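Laid out below as structure tokens are two forms of one and the same protein chain, each shown alone and named structure 1 and structure 2.
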Structure 1
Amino acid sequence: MKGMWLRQILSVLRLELKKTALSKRGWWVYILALMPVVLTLLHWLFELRRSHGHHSLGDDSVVFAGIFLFFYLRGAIFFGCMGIFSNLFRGEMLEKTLHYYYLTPMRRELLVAGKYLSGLSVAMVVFVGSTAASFLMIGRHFGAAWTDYLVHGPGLGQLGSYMLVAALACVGYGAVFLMCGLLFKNPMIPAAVVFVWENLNPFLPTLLKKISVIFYLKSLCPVEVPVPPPFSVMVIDADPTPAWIAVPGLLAVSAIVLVYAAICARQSEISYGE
């Protein structure tokens, strides 16, 4: 029985990978992921043409931390996962093709698992790959000093942390937006609510900070981004969550959301006329 379930999940995964990766609706996701890569590439080429640098390797490290926090986590990965995962079911409803899956002798929980894994595969390749490429290029103009920073310094450890955080962001936001695509006719409305809540996180009381994905992801980032005034006055400091709690916690919450999405899929009925 378990072998048959695994084969069904893999079959859905293969079908959905083609649709998700080559979807005409998803072209803007690739543009989002390419933007920081192009930016860091231009930074590398521009600095190579300058005879004297006006910043240090440490400055580039802090700049990348800012790019990762404010562009990747609060923007690109959030909206990218919204575009990828919310369309896994809602897109099929709009195209009136979801019933083909529902007519097959397959448990709907397995359909949710296959679709989620397909979206997660695409999101991880796009955003984890973009994170790695951007990090490796931002300090490349330092030459041997950058290589030494990567090999003998904290560079590779920081790269691994950023890639882990990007992957966890895809896992967490992917589960949330797949559920939104199942429950809501217009996933943009709950996505807007989640977006506002996540971006208000620095200004919330300590207890409320912990009811968000971004708080735990930020705790795992290897370099802290300084908050400039006047925002520094409004930010409420909270002790970061240790990695041994943050990582399993995010995975557990994502699993709970997926289980709930599977229950909703099992009880859902198709009505294309709505």
Structure 2
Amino acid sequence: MKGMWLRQILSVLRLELKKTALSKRGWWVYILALMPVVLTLLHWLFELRRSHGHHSLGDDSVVFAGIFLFFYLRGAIFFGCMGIFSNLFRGEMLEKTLHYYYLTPMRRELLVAGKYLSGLSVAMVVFVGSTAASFLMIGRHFGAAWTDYLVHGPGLGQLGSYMLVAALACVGYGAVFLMCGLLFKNPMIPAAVVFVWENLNPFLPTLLKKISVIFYLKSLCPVEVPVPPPFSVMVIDADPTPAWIAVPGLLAVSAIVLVYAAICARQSEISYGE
């Protein structure tokens, strides 16, 4: 019976990936992921032309921390996951194709798992790849110093952390948006609510902070981004969460959301509208 489950999940995963590869709908997700890579590439080319650099290697690492927090976590990965995951079910409702799956003898919970895994593999390749590429590019223009920073300094460790955080972001936001797509006719509204909630996070009391994705991700980021003055007073500092809590914490939040999504899927009906 266990073998059957696995076979069914893998079949859904493969079919979903095949459909993703054939579909033109999600093109903007790739553009989103390419943007920072292009930007850091231009930064490198631009700095190469300059006779002497105006900033230090440390500056670049803080700049990257900013790009990562504001562009990746709050922007590209958030919206990319929204595009990818909220369409897993909603998209098939709109295209009137969901009954294809619902007429197979597959537990709906497993369908949720299979679809989630397919979304996750796409999101991870795209965003973890993009994170790594732009990180490696941002200090390129320092030449040997950058290589040294990577190999002998904290560089590789930071790269690893960023990739881990990007991957966890896909895990967390993926789960949240998959559920939105299952529960809501128009996932834009819950997405907006999630967006506001995630961005209010620094100002929330400690207990509420923990019901979010960004809270765990931020405490895992290797380089801290300084908070600009007008906001810094309003920020409520929770105790910095150690990684051994942050990682399981985020996985737990995602798992709860996914279990809830699975329950919803079990009760959901095919309703394509008249």
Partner chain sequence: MSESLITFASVSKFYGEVLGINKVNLSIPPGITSLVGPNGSGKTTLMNLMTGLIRPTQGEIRVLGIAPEHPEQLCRIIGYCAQFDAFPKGLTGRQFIYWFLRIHGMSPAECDQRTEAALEKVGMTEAANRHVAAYSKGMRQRIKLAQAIAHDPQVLVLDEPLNGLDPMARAETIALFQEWGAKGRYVLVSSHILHEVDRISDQVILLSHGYVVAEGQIQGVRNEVKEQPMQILVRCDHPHVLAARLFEQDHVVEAKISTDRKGLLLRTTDADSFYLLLNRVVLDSGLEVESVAPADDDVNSVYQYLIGGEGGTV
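Not measured: the values here are computed from a predicted model. Here, residue number means position along structure 1's sequence, counting from 1. Here, rigid core means the biggest group of C-alpha atoms that superpose within 1.5 Å across both forms.
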property: Label of the structure corresponding to the form predicted in complex with the partner chain; result: 2
property: After fitting the core, residue 15 CA displacement of 2 Å or more between structure 1 and structure 2; result: no
